[in-house]
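Below sits a lone chain in structure tokens, taken as the form predicted on its own.
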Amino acid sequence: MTGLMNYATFVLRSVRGMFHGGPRYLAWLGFLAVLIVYGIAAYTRQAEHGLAVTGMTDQVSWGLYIANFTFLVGVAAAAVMMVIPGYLYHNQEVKGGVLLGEMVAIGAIVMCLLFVVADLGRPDRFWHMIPYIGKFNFPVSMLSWDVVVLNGYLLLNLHVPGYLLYKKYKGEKPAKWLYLPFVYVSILWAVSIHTVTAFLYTGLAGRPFWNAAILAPRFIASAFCAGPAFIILILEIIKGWTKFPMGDRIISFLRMVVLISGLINIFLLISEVFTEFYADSAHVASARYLFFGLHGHNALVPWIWTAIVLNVTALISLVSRKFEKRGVILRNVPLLMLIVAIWIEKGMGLVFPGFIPSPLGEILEYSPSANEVAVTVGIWGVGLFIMTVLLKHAVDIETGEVHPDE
């Protein structure tokens, strides 16, 4: 009973600390709250009128929601790039930032699940995806695999940092058997969530643009490029604005991960483009539409070439290390460029062209509606809000701001 009371006190103090901070912190939370309300209002309209208020059609049935879902699965998986050196190789300086990476992963997974719900035309039928209650169709359905890996990864990332932070709060040494096995499982699980997501695409035989064995490796490479880049930006903010003990080594390590993964991603893109255009098969229509336009339809051409230019420019900057010692803003510009580039790749460069042309040869271009954008903004607001309060909580525990003697 005493242990339960202690844990309840820990939770209450943690929640109080999450919403206590300086003017900039509270203003940021207020801004995110506005985005959330904006998104809820838009989703209410969608729930009333259905997916007709989006830009999706019978021909292009996946749009902005699934594009963001695919991108954020990669961001969530990126936390493993801190877990591996921190726990497998016992790098203490990197291990200090693992908790922060896992907090980012929690927010990203929540956004992934919300984007799936937003994409459902009948969210009241979501219960069909609950094992033993609905028609889960496991293991035949790849979607059921995705439900398992995403929710499993969310539980792993809730347990490990939750347990470690509670022990830190109590000033006690954590029992390795209560968290270390879950850390090792999370390494394989992180790779699996993006692999299964890639298999969702490659398993659709009627969409030849996605039927490439190289898609899963490219998903992993892009995830380990954009994800760590996103985490670096957050670590830079925490390092500059808090007293969290963090050296430069963890950021340098992640920058190297970003560079290597980014180069592999570009190599895989070149391999994919060569295969599509050199063979010039009957299935090249989607790739031609994406890169050069098809029969006068070229809405995605500026997007994909912008992504390529951003990718190449950012990687050249990272290789040359030209901006590395020119202030916190300049040295992180290439990382922001990579995040935007890979976000475009996962949406405009992957999801949309897979539906164009349709199996009947129709070319119906997709453009997200204002309501669709509003729901997307609201979901990003929820995810960033969760990340913010969880990161604040982790920093407070690690720096002793929240402790039992309050």
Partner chain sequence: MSKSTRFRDEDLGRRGFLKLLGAVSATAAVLPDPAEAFDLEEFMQKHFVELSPEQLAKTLARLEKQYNEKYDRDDFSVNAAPPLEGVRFAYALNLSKCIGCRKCVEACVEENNQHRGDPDKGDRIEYIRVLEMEKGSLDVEKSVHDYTHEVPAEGKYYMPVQCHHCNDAPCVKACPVEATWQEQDGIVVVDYNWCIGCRYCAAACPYWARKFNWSEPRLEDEDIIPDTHYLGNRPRYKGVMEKCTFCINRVRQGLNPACHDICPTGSRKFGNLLDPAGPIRQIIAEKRVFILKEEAGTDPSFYYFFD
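Residue numbers count along the first chain shown, from 1. What you see is a predicted model, and the numbers here were worked out from it, not measured in a lab.
From this point on, the text means the form predicted together with its partner chain, which you will not see here.
Asks: Considering non-hydrogen atoms and a 4.5 Å limit, which listed residue (Gly293, Gly134, Pro174, Gly152) is close to its partner chain in the predicted complex?
Replies: Spelling it out, the residue with a heavy atom inside the cut-off is Gly134.
Asks: Could you check which residue among Val140, Ile270, Ile329, Ala213 gets a heavy atom within 4.5 Å of its partner chain in the predicted complex?
Replies: Contact residue from the list: Val140.
Asks: At 4.5 Å by heavy atoms, is each residue in Gly21, Thr242 and Val340 next to its partner chain in the predicted complex?
Replies: Not a single listed residue reaches its partner chain in the predicted complex, so no.
Asks: I'd like to check something about Ala205: if you look in the predicted complex, is any of its heavy atoms closer than or equal to 4.5 Å to a heavy atom of its partner chain?
Replies: Contact with its partner chain, yes.
Asks: Are any of the heavy atoms in Arg122 no more than 4.5 Å from a heavy atom of its partner chain in the predicted complex?
Replies: Arg122: yes, in contact with its partner chain in the predicted complex.
Asks: With the partner left out here, check for me: in the predicted complex, does some heavy atom of Phe274 sit within 4.5 Å of its partner chain?
Replies: Phe274 lies outside the contact set for its partner chain.
Asks: Using heavy atoms and a 4.5 Å limit, would one call Ser317 a contact residue for its partner chain in the predicted complex?
Replies: Output for Ser317 is no: heavy atoms all beyond 4.5 Å of its partner chain.
Asks: Counting any heavy atom within 4.5 Å as contact, can you tell me which stretch out of 250 to 258, 232 to 240, 73 to 81, 140 to 148 lines its partner chain in the predicted complex?
Replies: Going through the listed ranges, the match is 140 to 148.
Asks: In the predicted complex, which residues of 336 to 356 put a heavy atom within 4.5 Å of its partner chain?
Replies: Heavy-atom contacts to its partner chain in the predicted complex: only Phe355.
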